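This document starts with one chain, in the form predicted on its own, laid out as structure tokens.
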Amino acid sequence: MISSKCNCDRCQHEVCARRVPIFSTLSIEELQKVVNLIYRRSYIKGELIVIEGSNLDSLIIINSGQVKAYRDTQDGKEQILYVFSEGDFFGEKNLIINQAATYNVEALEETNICAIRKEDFQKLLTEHPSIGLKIMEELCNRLDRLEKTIEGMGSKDVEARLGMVLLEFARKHGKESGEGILVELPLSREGIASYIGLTRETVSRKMTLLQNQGIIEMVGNKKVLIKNIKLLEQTVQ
């Protein structure tokens, strides 16, 4: 891990902070105040950013890269809870209540984070309530996703669960192309399986089925081309 004060000469910090949704309502002057509070760290692929049970005293924002938040289940398996990418944040609960981290966070690739310490962030919320509202909005979105995931595990079939996660990745990571939406998958097949409560073999088999149906096309191991998003959406209904 490399730690330093935020020193982004390319954008003078402001662009990095501006692309974070919770700061989107701030003026340039207000944004500069936020930038002055930030410290920056870098992590290599596979490095733990947060360890479950540890003291997390900062709001952490993904500047670049991707991370997974997960817990180890009682039977020793990994359960992925969230995949965070550029502009996403975590650690917000620990800024409001004194609570140890409730999950591990691991870098999926080389990742740069910006962080704001608890005391600085609490002062920021007092001065700019709109930031608090943005955080609540994002937390509601996460809760909604978790509820849908839990519901899906109990009531939806395998195709629906896989369709839900592919649509989520398309929304966050997809790029339009002439043939459809090209998605760079943040997780391996095994990671996707952990994310939606299936086995790796089942995920691979169902992705092959979707490809045979002309809905997706697998591009190597890390990319998927969604050729017919309407048909993919129908799998989750």
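Computed from a predicted structure; not experimentally measured. The first residue of the sequence shown is number 1, and the count goes up from there.
Beyond the structure shown, there is the form predicted together with the DNA, which is absent from this document and is the topic of what follows.
Colleague: Exactly one residue in Ser42, Ser58, Gln66, Thr202 has a non-hydrogen atom within 4.5 Å of the DNA in the predicted bound form; which is it?
Modeller: Only one option qualifies, and that one is Thr202.
Colleague: Just give me the single entry in Arg142, Lys77, Lys93, Arg117 that has a non-hydrogen atom within 4.5 angstroms of the DNA in the predicted bound form.
Modeller: Of Arg142, Lys77, Lys93, Arg117, the residue with a heavy atom within 4.5 Å of the DNA in the predicted bound form is Lys77.
Colleague: Have a look at 183 to 191, 29 to 37, 58 to 66, 166 to 174 and name the one stretch with heavy atoms inside 4.5 Å of the DNA in the predicted bound form.
Modeller: Stretch with heavy atoms near the partner: 183 to 191.
Colleague: Thinking of Asn98, Ala100 and Ile135 as the candidate spot, does the DNA come within 4.5 Å of a heavy atom on all of them in the predicted bound form?
Modeller: Spot residues vs the DNA: no contact at all.
Colleague: Tell me, yes or no, whether Leu108 is in contact with the DNA in the predicted bound form, where a contact means a heavy atom of each within 4.5 Å.
Modeller: No, Leu108 stays farther than 4.5 Å from the DNA in the predicted bound form.
Colleague: Is there a heavy atom of Ile131 no more than 4.5 Å from a heavy atom of the DNA in the predicted bound form?
Modeller: Ile131: no contact with the DNA in the predicted bound form.
Colleague: Looking in the predicted bound form, any heavy atom of Ser54 within 4.5 Å of the DNA?
Modeller: No, Ser54 stays farther than 4.5 Å from the DNA in the predicted bound form.
Colleague: With the cut-off set at 4.5 Å between non-hydrogen atoms, does Val50 touch the DNA in the predicted bound form?
Modeller: No, no contact at 4.5 Å.
Colleague: Listed by sequence position, which residues of 214 to 229 have a non-hydrogen atom within 4.5 angstroms of the DNA in the predicted bound form?
Modeller: The stretch 214 to 229, when checked against the DNA in the predicted bound form, contributes Met218, Asn221 at the 4.5 Å heavy-atom cut-off.
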